[in-house]
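First, one chain by itself: the form predicted alone, in structure tokens.
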């Protein structure tokens, strides 16, 4: 998992490097185009294009049959049965490439979320930092501290929330830049990346998780924690919404819409039967 995350991180860092001075829309349109192109290629390679075409033609033929012989009950029932049969055949033909697409797309989406889902906290603003402990850990006896750095100031002592198994701090952002947050417990040091800036577009990692396949898939921004007592360290970055003619939309909506449009435009030139 770590190798895949490192490869994707490097790939997107290089891909988005020319776009960092522009609106996130530029990078989103670019990656949506590449995604649509990639998914079309996967679909074409892992599907039986001839069988898909046959199934689609049969579906069209039986729909026409239903329309032409709507007053004949026997023919209509036979046409409906054939429609069900060929729709099932079509579904089974497209299922394999769709399942194969899910694997790379899941990794890609988790990394794109780091680029488009959050904004850095501007200097002067405040945010919450929390550590979530695993079940079975005694919250009251778990001594941990968070140090201030030149980038931020810790304003509150640790707040322990027993019901949520959390320890929270409020910090104030002081200076733009990328910093390491040092946590200390039992003479051990654990760090968490934090980025402070004025609404700049860059890769943000709000969660550093413990080791685990699902945790690392959903939160690929940093190496997983090796300590067995901590489940995750979380920074409450503000959510980012893309401006679409005055309407604030989530990046996933724009991403899927643009990727689908790319696929529909390119399927005929690339001779892909969907």
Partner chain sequence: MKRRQFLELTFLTSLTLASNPPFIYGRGKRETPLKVLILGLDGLDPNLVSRFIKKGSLPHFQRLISQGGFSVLGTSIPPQSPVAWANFITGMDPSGHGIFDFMHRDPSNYLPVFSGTLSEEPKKKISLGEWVLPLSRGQIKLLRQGKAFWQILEEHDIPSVISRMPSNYPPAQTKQRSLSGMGTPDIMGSYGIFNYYTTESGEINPDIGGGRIHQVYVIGHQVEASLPGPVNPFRRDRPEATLDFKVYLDPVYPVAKIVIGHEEFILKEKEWSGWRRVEFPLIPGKSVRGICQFYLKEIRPHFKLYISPVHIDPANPVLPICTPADYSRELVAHLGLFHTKGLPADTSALDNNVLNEAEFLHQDNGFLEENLAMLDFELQRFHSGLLFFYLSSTDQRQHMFWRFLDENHPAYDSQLARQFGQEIENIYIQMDQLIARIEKYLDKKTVLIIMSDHGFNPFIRGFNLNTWLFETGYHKLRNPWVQDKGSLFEYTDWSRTKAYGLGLNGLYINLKGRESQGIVNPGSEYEHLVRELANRLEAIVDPLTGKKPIYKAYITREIYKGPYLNQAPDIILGFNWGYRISWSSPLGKFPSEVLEFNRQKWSGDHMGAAELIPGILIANRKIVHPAPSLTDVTATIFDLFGLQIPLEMKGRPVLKIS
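What you see is a predicted model; the values in this text were computed from it and never measured. Positions refer to the first chain, counted from 1.
Beyond what is shown, the protein has a form predicted together with its partner chain; the following relates to that form.
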{"item": "Contact assignment for its partner chain in the predicted complex, among 137, 161, 99, 92, heavy atom within 4.5 Å", "value": "161"}
{"item": "Residue 156, heavy atom within 4.5 angstroms of its partner chain in the predicted complex", "value": "yes"}
{"item": "Interface membership of residue 166, its partner chain in the predicted complex, 4.5 Å heavy atom rule", "value": "yes"}
{"item": "Heavy atom of residue 128 within 4.5 Å of its partner chain in the predicted complex", "value": "yes"}
{"item": "Non-hydrogen atom contact residue 172 with its partner chain in the predicted complex at 4.5 angstroms", "value": "no"}
{"item": "Among 108-116, 172-180, 189-197, 128-136, the region lying within 4.5 Å of its partner chain in the predicted complex by heavy atom distance", "value": "128-136"}
